[in-house]
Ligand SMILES: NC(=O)c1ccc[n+]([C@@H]2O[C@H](COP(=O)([O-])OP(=O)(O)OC[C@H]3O[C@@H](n4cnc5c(N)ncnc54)[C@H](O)[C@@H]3O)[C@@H](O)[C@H]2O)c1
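Here we start with a single chain on its own, the form predicted alone, put down as structure tokens.
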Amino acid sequence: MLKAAVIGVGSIGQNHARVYREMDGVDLVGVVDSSPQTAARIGARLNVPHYTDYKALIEEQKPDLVSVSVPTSLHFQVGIELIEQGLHVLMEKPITSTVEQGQKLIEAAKKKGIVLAVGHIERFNPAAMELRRRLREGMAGRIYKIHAQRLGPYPSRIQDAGVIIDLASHDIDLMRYLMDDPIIRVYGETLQSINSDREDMVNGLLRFQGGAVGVLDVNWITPTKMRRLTVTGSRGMFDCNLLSQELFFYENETAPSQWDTLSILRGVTEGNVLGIRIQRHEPLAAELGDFVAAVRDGRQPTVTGFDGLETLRLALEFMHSGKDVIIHTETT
């Protein structure tokens, strides 16, 4: 029986606590939140001890593994202390505020021989998992483009990050997971509307080493929620709805045969539309199950510290890329 704890239960953290509470082979031994009212409410709901100081929880309950869902600015401080005490850590994304902090966290975890996972939850979305399997089988042929749309209204709970870190990082990591191909170039344009100090919108381009192009369309200024991913290849296009966990394949009728890999694409016409059966599940439960299994089996989690670091690095490059060059035009 592994003992689990959750630090930060104001939002996503309370769902971590719920999942641990329901998980076989795991004993939720406590929750922590800086708000006494929140800590008490979640503790009472799940019938577990609650704290406002995570150091007190660690000392009294001695957990084996911890989910950390605190403001990003505290990720390194809390994470390094847990690691130094030999606790396995699942850090909600982003891994840390800076690349340097993330590197130190990874090095500390490696030195201690503990599991460090990062909460990029879309890898555990069953539609994304099935899409990855189909892409590995070559169903779409050569991949030309992957396009992510993540739109919705402004979440007032987010106070310390812009839309790139909070939302676009999901799709950056998902593109890395699906393509399994290094991203060699990024460029993004951002917009500030609701916030004066953080971006509310990003439109970005990525270039993969193999030649495919990635497109990001992410914002907090759309009055309806959309989580959609399309992958266009020589044999057709996948349309993946991450909210409803649905996956469709639009066939290119004139595509080269699946068995004739040397054929050249000579045209595109509409073919059959295939609805792909998805075995739906809760992504968070799958993510925490993977983390617990990694701790129990002594293996790497699906989303490693390195994965979290690489996604953070790319997200930060997007934030800076649109500010690098300004073209001044002359009026006549």
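The first residue of the shown sequence is 1; numbering continues from there. Predicted, not measured: the structure shown is a model, and the values here were computed from it.
Beyond the structure shown, there is the form predicted in complex with the named molecule, which is absent from this document and is the topic of what follows.
Annotated contact segment (heavy atom within 4.5 Å of the named molecule in the predicted complex): 70-78, selected among 131-139, 70-78, 240-248, 201-209. Screening Gly119, Gly102, Gly233, Gly188 for any heavy atom within 4.5 Å of the named molecule in the predicted complex leaves a single hit, Gly119. Although the partner is absent from the chain shown here, none of Asp27, Ile58 and Gln85 has a heavy atom within 4.5 Å of the named molecule in the predicted complex. Heavy atoms of Asp217 never reach within 4.5 Å of the named molecule in the predicted complex, leaving it off the interface.
A residue is said to contact a partner when one of its heavy atoms sits within 4.5 Å of a partner heavy atom; Arg176 fails this definition for the named molecule in the predicted complex, lying far away.
A residue is said to contact a partner when one of its heavy atoms sits within 4.5 Å of a partner heavy atom; Val32 meets this definition for the named molecule in the predicted complex.
Interface membership of Gly308, defined by any non-hydrogen atom within 4.5 Å of the named molecule in the predicted complex, is ruled out. Residues Ile7, Gly8, Val9, Gly10, Ser11, Ile12, Gly13 are the members of 1-27 with a non-hydrogen atom no more than 4.5 angstroms from the named molecule in the predicted complex.
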